[in-house]
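Starting off, we have a lone chain in the form predicted alone, written out as structure tokens.
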Amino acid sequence: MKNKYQWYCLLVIMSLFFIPLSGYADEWGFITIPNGKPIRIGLGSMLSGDYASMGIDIKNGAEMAVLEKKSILGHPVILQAEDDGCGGPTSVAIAEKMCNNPLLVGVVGYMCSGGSKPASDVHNKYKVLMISPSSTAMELTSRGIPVFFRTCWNDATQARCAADFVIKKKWKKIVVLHDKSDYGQSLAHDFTNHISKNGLKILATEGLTRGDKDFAPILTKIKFMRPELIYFGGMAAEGVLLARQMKRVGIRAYFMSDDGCYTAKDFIQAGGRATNGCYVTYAKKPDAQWVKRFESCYGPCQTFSPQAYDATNILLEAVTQVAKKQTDGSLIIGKKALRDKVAGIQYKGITGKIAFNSHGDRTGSVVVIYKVVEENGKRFFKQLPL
């Protein structure tokens, strides 16, 4: 009996050497990519509707990174792009769909803060990584969601940059508008706080509705306040209408907005001469050689394609380092290991050095001021000196 027991113990000990070490390594579980199956990178972005130009630009940035990578450990990499509608319900539905795809390793997205917020709850439930290139609302990284990261900046950084510029310009009579979204309201709130702390006067704060086309009633009311500046937290579809309709009703104030209006197609081209002299906040321009390569494939770079390209490459790099190839050709990827690899990454991207703090915010983000100028018959965003 004793010999039989000793033999049994020996078999148990020997069997441990044949169980993959990855089987003990991850508290969140594993993604298994069978032999011959592709690795899927998810993407949530607005691919139709008013903000499609920005959303397709994001998709193009992610697609470029995937096409350059091609494969990881013998498995092809493919992009699964979904139209998130820049909103909560659609983003949640897409999150459920993608988080339940066994071949999906993470998502680049979602495009808008109003979509990323509820979608991040779904991702956290399934412990599926998400890296947004464009969702800037502060609360996204203050909610303790460990699977959320972003390669863009947060609204506090952007709003502070705008407010500091206004203070430097000594504009004292300011009206703040927003589009009632998580994104727009967050910017308006942070901008107002910073302005107020420095003794400047906010004449009024008003919300308008995404999708509306006629802002004459609200602008007419504002006209009699004689503002020096109208600051708008929102997207280009409404921002360009505000810039045009301000001129129409006779408001002579400056117009200033955020990265949502940093799009040559939907703001400058759509607004024409009415956009001359308008200000927007956005990151420093990305690597010039990358822009040249991107535009040779997809046409003019709009807004967040550089951040989407970097986000996708960070996810691909993390998968490359974490994935363990098995004897049958399959890959095993620990979910927590993948998350931790992203959290600790030091990545040199085309938008600059990328690292994340403990909340998932990109550290060292730099936002600058751009002005729409017309020179030699061309109208464009010109970066102002830091």
Partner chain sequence: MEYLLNPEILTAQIINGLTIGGIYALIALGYTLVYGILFMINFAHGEIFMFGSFGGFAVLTLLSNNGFSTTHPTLSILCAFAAAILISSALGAILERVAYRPLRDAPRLSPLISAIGVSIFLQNAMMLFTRGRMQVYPDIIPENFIEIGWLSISCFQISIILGCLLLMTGLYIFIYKTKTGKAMRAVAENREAASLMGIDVNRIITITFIIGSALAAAAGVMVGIYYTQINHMMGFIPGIKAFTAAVLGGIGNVPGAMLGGFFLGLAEALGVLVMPAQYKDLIAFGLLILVLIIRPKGIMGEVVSERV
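We call the rigid core the largest set of C-alpha positions that still match within 1.5 Å between the two forms. Computed from a predicted structure; not experimentally measured. Numbering follows the first chain given and starts at 1.
We do not show the form predicted in complex with its partner chain, though everything after this point is about it.
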State the residue from 56, 350, 342, 332 whose non-hydrogen atoms include one within 4.5 Å of its partner chain in the model of the complex.
56
Contact residue in the model of the complex, from 229, 92, 270, 161 (heavy atom within 4.5 Å of its partner chain)
270
Using a 4.5 Å heavy atom cut-off, which stretch among 118-126, 137-145, 202-210, 74-82 contacts its partner chain in the model of the complex?
202-210
Whether 220, 240 and 245 jointly form a contact site for its partner chain in the model of the complex is the question; each needs a heavy atom within 4.5 Å.
yes
If we define contact as a non-hydrogen atom of the residue within 4.5 angstroms of the partner, is residue 259 a contact of its partner chain in the model of the complex?
no
Considering non-hydrogen atoms and a 4.5 Å limit, does its partner chain approach residue 171 in the model of the complex?
no
Whether residue 52 contacts its partner chain in the model of the complex should be assessed with a 4.5 Å heavy atom distance threshold; does it?
yes
Report yes if any heavy atom of residue 249 sits within 4.5 Å of a heavy atom of its partner chain in the model of the complex; otherwise report no.
yes
Neighbours of its partner chain in the model of the complex among 341-368 [non-hydrogen atom within 4.5 angstroms]:
none
Return yes or no for residue 217: a CA shift of at least 2 Å between the shown form and the other one, with the rigid core superposed?
yes
